[in-house]
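Before any questions on binding or motion, here is one chain by itself as structure tokens, the form predicted alone.
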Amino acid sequence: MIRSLLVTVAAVFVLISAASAENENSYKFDNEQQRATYQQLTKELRCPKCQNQNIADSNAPLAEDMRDRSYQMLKEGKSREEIIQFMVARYGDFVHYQPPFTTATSILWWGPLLIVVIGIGVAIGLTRKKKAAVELTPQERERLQQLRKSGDE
């Protein structure tokens, strides 16, 4: 029982690795520089349909189209930057894991820092807040004096 389960799991891993290797090996590059650029691009570009998954790891049809387009543009002699610009123009800044600093993306860059600064300000404000003096009634003052005297003895 356990042996058949292990064999099944091993077979699944072999099929998955073969499928991913087949995907990358189906592209023919002119040189190793093109292959390295392609691999870098597919790890650097995000699939717009998937949740934080690059196009190299995504099985979505859109990611496959983006991989194909990246390959075609590399074969046409386009540079890495030109391909990234094309993808950003087509899919928006979200498609690149390192979006440029613009007015629209400034919240992505400054948002976390702003939240930390506000949190520190609130914490300081709460710790420095002065408490109002409590006025005791004459009976409470007398009782307090009696407790202090009994504590000293």
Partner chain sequence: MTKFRWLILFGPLVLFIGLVGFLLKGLGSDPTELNSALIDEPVPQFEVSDLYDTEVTYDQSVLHEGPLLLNVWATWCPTCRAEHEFLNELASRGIPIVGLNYKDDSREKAVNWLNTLGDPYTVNLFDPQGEVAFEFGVYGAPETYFIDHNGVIRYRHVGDVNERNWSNQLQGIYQQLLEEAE
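Numbering follows the first chain given and starts at 1. Small disclaimer: the values here were computed from a predicted structure and weren't measured.
Keep in mind that the form predicted together with the partner chain is not shown, yet the notes after this line are about it.
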Q: Report whether the minimum heavy atom distance between Arg69 and the partner chain in the model of the complex is within 4.5 Å.
A: yes
Q: Indicate whether the partner chain has at least one heavy atom within 4.5 Å of a heavy atom of Ala89 in the model of the complex.
A: yes
Q: Give a yes/no on whether Phe94 approaches the partner chain to within 4.5 Å in the model of the complex, heavy atoms considered.
A: yes
Q.
Within 4.5 Å, heavy atoms only: does Gln98 come near the partner chain in the model of the complex?
A. no
Q | Proximity to the partner chain in the model of the complex, single hit among Val117, Leu62, Ala36, Ala123 (heavy atom within 4.5 Å) | A | Leu62
Q: Would you kindly say which of Thr127, Thr103, Gln51, Asn31 lies with a heavy atom within 4.5 Å of the partner chain in the model of the complex?
A: Gln51
